[in-house]
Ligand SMILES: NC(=O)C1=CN([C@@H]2O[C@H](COP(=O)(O)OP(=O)(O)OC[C@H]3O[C@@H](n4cnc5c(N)ncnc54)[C@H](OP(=O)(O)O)[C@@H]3O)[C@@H](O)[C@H]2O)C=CC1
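Read the single chain below, which is given as structure tokens and is the form predicted alone.
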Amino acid sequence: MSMIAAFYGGKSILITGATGFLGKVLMEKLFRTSPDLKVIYILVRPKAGQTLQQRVFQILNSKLFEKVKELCPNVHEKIRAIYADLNQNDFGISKEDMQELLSCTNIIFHCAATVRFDDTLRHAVQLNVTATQQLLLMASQMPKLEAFIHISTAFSNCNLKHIDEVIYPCPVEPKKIIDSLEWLDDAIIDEITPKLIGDRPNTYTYTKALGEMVVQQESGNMNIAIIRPSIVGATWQEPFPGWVDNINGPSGLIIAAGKGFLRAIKATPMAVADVIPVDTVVNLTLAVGWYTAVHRPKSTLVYHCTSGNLNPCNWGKMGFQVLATFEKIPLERAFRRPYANFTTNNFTTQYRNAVSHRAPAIIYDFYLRLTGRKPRMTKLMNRLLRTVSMLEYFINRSWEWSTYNTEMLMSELSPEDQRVFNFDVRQLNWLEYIENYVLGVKKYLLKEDMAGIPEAKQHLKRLRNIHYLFNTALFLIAWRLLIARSQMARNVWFFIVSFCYKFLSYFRASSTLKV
């Protein structure tokens, strides 16, 4: 019998961010392994005209929850959706709902956050720092609370090369940041943002670091732990391989490369792609919840949920495996393809990348206009290039994360818990995982029929030929203009033509002599 699964039986659990990727998988695992839990409270905001209950049914009707509904047919009765808006004081929760949460909650999993890299500092602080502070205040008033688990990110301290499982201080106290944003206008905030985030790449990583400081400062006597996952990807094993429902992280790159929109990226091929499967993160999260509540550590423990230090996979290898899966060719052939260029890291490539992507997009949109259809490719390409640009910081660097606490926790689990709540990333087969990831993107995210793979291969071939044709034409035009303006370029051109002519003449003469 699993001790962790038994622990969550009869518990009332509060999950923030339950409608997000990680939150959904967390709920699914809880219901599948502990179907006798009492209730899961989820904080939900009405969206697109849907009621809270409609949003719950929409989540439960996804492929992800098929096994759960077989094991627990009344699962919808165990989800208590509570209206909440993290942008408001006290989250805008009604007095009745707040009283229920305060009096009944046993475990809190705080997963809610904005993960937008280009978010404004004001909005990122509100969701990643202030909301965490307010939730901790609520938690301090919960007499039955056993554990508070905060989901951060392994990149909260990405300005460091080696990162330990400790909370690092920020130069400016979180409270001072929160207080300042209340009276500063947006223009001033935008101006001081680069100075505040310092050598971090964006507001996301900066505010997640601030959030950790808030957890440390506001913990009081509560049992609190922090989990730092790296790049969260599709499921590895549970409830089935390859499930994903958002375009964040590698998923967006996989779609862009698979659809033929992304031909090259500015990346360091040997940089570690520290992707971690979402079910691995969930298993560690549930194990940490159990350990924190039962063993009550004297201090706030930080757990790194990363792959690079235990089972590394670099971006080059990942890129070629994506190509091999999309085109259904052997991996060794993919390594010989000049298709998905994950091996360049210079200004020339960056410039060529932007020109060779945007120009065909403009031409294609012109064709759409001529045929009476709405142009869309330029907008899509601009969004894609902006996303890739924001990811460049992470796909050109590698980090070292210590995992002492994570390994300690693994040693504390029984053999049964190590099986049911497996977070040992050393067992992960990357080639198999990436193949399932790509197929999962096609099936669950793009809703594509797997029978359409041959047609998709032909589509990729056409896009590749268009890409080569455009680059050739661009080179010839540029070279022609250069020849017209430069005597040196003309001399080089005449030398090349003369050399080719002499080589062909020599080859023809040699063939005649042999005959």
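Just so you know, these numbers come straight off a predicted model, no measurement behind them. Position 1 is the first residue in the sequence shown; the rest follow in order.
There is another form of the same protein, the form predicted in complex with the named molecule; it is not shown, and what comes next is about it.
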Problem - Partner contact for residue 87 in the model of the complex: the named molecule, 4.5 angstroms, heavy atom - result: yes
Problem - Non-hydrogen atom contact residue 204 with the named molecule in the model of the complex at 4.5 angstroms - result: yes
Exercise for the section: Answer yes if any heavy atom of residue 248 is within 4.5 Å of a heavy atom of the named molecule in the model of the complex; otherwise answer no. Expected result: yes
Problem - Partner proximity in the model of the complex: residue 18 to the named molecule, non-hydrogen atom cutoff 4.5 Å - result: yes
Fill in the blank from the handout: Among 214, 224, 113, 287, just one has a heavy atom within 4.5 Å of the named molecule in the model of the complex, namely 113
Exercise for the section: Select from the listed residues 232, 420, 125, 135 the one whose heavy atoms reach within 4.5 Å of the named molecule in the model of the complex. Expected result: 232
Completion exercise
Which of 152-160, 181-189, 234-242, 425-433 lies within 4.5 Å of the named molecule in the model of the complex, heavy atoms considered? The stretch 152-160
Exercise for the section: Output the sequence-ordered list of residues from 39-57 with at least one heavy atom within 4.5 Å of the named molecule in the model of the complex. Expected result: 45, 47, 55
